[in-house]
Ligand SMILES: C[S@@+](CC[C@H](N)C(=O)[O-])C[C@H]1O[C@@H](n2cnc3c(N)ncnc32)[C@H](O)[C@@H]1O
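The data below hold one chain only, encoded as C-alpha cells and taken in the form predicted alone.
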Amino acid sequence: MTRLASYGIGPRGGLLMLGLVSPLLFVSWPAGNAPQATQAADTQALRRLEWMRENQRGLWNVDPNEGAFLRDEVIKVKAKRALEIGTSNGYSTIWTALGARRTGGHVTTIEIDDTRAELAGENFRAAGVDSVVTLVHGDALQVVPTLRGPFEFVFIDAWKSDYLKYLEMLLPMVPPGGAIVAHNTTDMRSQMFDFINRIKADPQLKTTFVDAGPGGFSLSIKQPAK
C-alpha cells in the first residue's frame, strides 16, 4: 500500500507542467537497460499513465518524454532514495517510481492539496507502484526540514518562487553524484532567475539544461568536496 504521512497544511501548493498527449506505451526503456520481464511488469504503470493523461487533464503534468527522462535519470544515478516536491495527481511520481523500482529504491513525494493527494494515492495503487512510494500530505516548505537524507535524486516542481528555498534546504541532503532536477526552466524561466543563477554559479553543482519536453529541466549533479 502507498504510505501516507500527514503534516500541517501551509499556504502553498504544488505546480506541475501540463504537456501534450502522446501514446505512453511507445516510450521505451534505454536500449539494453531493462530485461523483457521488467518491461512487461511495467506495462501496468504505463497503461495507467496513459489513462491519467486521457482522464485527469488540467493537473499540470509533465509530458511523457519528460516523464521518461525522470525515470532514466533515477536509474542513471542509481538512486535508492528519491524525493519529489509537488506530487499533483502522481503522474511524474509514477515515472520516478519506475526508475526506483529498477534500482531497488523508494520515492517520497510531497503534495499540499487534499484532492490531488487523494488522486495520487489512487493512481499509485492502480499503477502498481504503491509499494515503492510514500505520499506525504503537507506543505513542502514545512515538511522538507523534517526529512533526513540522503536523497540521490530530487525533483522540484512546485511554486517557482520557492525553488531557491528548496535548493538551500535540500542541497545538504544530496550526496556527491546525486541529481537535483527542476522543471519549467524553459517555459517559466522568468519566474526563477534566482534559482537558475544559483545552480549555474554554485561550485557544488555541475548544471546542464535539458529540453526533454515543453517545460524544460535543469539537471544539477552534486560534485565531490574538494
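Being a predicted model, the structure only gives us computed values, none of them experimental. All residue numbers are counted from 1 along the displayed sequence.
Separately, the form predicted together with the named molecule exists; it is not shown, and the next lines address it.
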Considering the named molecule in the model of the complex, which of 100, 110, 129, 154 comes within 4.5 Å of it through any heavy atom? 110
Would you kindly say which of 158, 45, 179, 192 lies with a heavy atom within 4.5 Å of the named molecule in the model of the complex? 158
For the chain shown here without its partner, which stretch in 119-127, 74-82, 134-142, 100-108 has non-hydrogen atoms within 4.5 angstroms of the named molecule in the model of the complex? 134-142
Taking the named molecule as it sits in the model of the complex, is residue 171 in contact with it (heavy atom to heavy atom, 4.5 Å or less)? no
Taking the named molecule as it sits in the model of the complex, is residue 62 near enough to touch it, meaning that at least one heavy atom pair lies within 4.5 angstroms? yes
